[in-house]
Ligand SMILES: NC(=O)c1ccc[n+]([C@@H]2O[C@H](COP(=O)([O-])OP(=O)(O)OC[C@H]3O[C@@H](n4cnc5c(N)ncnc54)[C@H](OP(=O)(O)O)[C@@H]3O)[C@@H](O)[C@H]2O)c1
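A lone chain, given as structure tokens: the form predicted alone.
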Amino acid sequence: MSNHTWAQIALLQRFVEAPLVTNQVELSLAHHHLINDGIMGNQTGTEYAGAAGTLDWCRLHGVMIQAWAPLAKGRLIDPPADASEPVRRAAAAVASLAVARGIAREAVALAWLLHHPAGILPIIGTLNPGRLAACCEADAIELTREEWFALFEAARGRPVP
């Protein structure tokens, strides 16, 4: 499945015999709505991506989240001149941590997804061997909780409540 809400998955599961086991969604520091949704319960004036509860529901029902565009189509690595403010903030935080740790920016952005407790599986869409090698570094990175939240808060543009 791709870009299904929890209710759409539940409805579809009612009519198919095989278990639905993956939901491929856009997810990155630049498109963090599913993760942000999980911390914004009972908050007003927040972004709404139309998928409230989807990440939690998938975790509860054993549906793996596959993240497409985990590097935001390269915008987190090399933001274009017209990049939005949230993308520029996230890219700057990724670059800063990459320099501090001596690792590739791609690895930092992917490690952020890999360290979420949902077991998110990033889908790398590159055919560039150099970028692929940089992405593979993510497996060896252990982000601290402080680093993970610093990246998230940079992308959000505000602290986590």
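All residue numbers refer to positions in the sequence shown, first residue = 1. Small disclaimer: the values here were computed from a predicted structure and weren't measured.
As for the form predicted together with the named molecule, it is not shown, yet the points below apply to it.
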Task: Options 111 to 119, 126 to 134, 52 to 60, 30 to 38; stretch whose heavy atom lies within 4.5 Å of the named molecule in the predicted bound form - done: 126 to 134
Task: G74, heavy atom within 4.5 angstroms of the named molecule in the predicted bound form - done: yes
Task: Partner proximity in the predicted bound form: Q13 to the named molecule, non-hydrogen atom cutoff 4.5 Å - done: no
Open item on the list: Test of understanding: in the predicted bound form, would I103 fall inside 4.5 Å of the named molecule by heavy atoms?
Closed with: no
Task: 4.5 Å heavy atom contact, T22 and the named molecule in the predicted bound form - done: no
Open item on the list: Under the 4.5 Å heavy atom criterion, name the residues of 1 to 33 that approach the named molecule in the predicted bound form, in sequence order.
Closed with: S2, N3, Q24
